[in-house]
Ligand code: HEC
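Next up is one chain by itself, shown in structure tokens, the form predicted on its own.
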Amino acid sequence: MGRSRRLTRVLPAIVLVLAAGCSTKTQPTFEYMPDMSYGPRLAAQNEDPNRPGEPVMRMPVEGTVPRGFVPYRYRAVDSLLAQAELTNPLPRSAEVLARGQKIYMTYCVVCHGETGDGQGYIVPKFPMPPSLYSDKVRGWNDGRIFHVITRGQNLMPSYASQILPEDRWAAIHYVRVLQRAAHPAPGDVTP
């Protein structure tokens, strides 16, 4: 019993000494490279003091690709190559057509019109775009239309930054519906 009594007296003293030695300081006694912690704040659009005439924000290294991004490998002049190699990966379902209609009515309707006839809202101010159910456009496969949406053509700008690739494919399915509505097959119409 004597030993445990001594331990109960000594143990709180040891804990108190250890706790006192583990105190934290709010200010370090020595700060290594303080300029790294307290550098001047520079807005990205301001002029870089080390490179006069250049902005502070620098362009990424050429060839830099964000994570998860798959670059589009066809150039604007490669429309025939894209036509030969690209196929629509989405199934033609009610869900995909609904998504395609939403994308078309958001981005394409202003130029190509609600039915794809090229009579969009901005046609009086700009040249009329081609009808989506002309023989020329109907003869294109889905890969060629995808390429035109991605890279642009003539007066049509690229929509790669506005429309996700899967939404472009969905919009192409909806364009095919508009084309079929404008030129129904004999089996589509009942006598």
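Residue numbers here begin at 1 and follow the sequence given. No experiment lies behind these values; they were computed from the predicted model shown.
The discussion below concerns the form predicted in complex with the ligand, not included here.
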task: Choose from 62-70, 35-43, 49-57, 127-135 the stretch whose residues reach within 4.5 Å of the ligand in the predicted complex, heavy atoms counted.
output: 127-135
message: My question is simply whether Ala82 lines the interface with the ligand in the predicted complex - judged by any non-hydrogen atom within 4.5 Å.
response: no
message: Can you tell me whether Ala170 touches the ligand? I mean in the predicted complex, with a 4.5 angstroms heavy atom cut-off.
response: no
- prompt: Wondering, does Leu164 line up within 4.5 Å of the ligand in the predicted complex on heavy atoms?
  reply: no
field: Tyr74, heavy atom within 4.5 angstroms of the ligand in the predicted complex
entry: no
- prompt: in the predicted complex, which of the listed residues (Leu90, Leu97, Leu86, Cys111) lies with a heavy atom within 4.5 Å of the ligand?
  reply: Cys111
message: Pick out the residues of 152-174 whose heavy atoms come within 4.5 Å of the ligand in the predicted complex.
response: Gln153, Asn154, Leu155, Met156, Pro157, Tyr159, Ile163
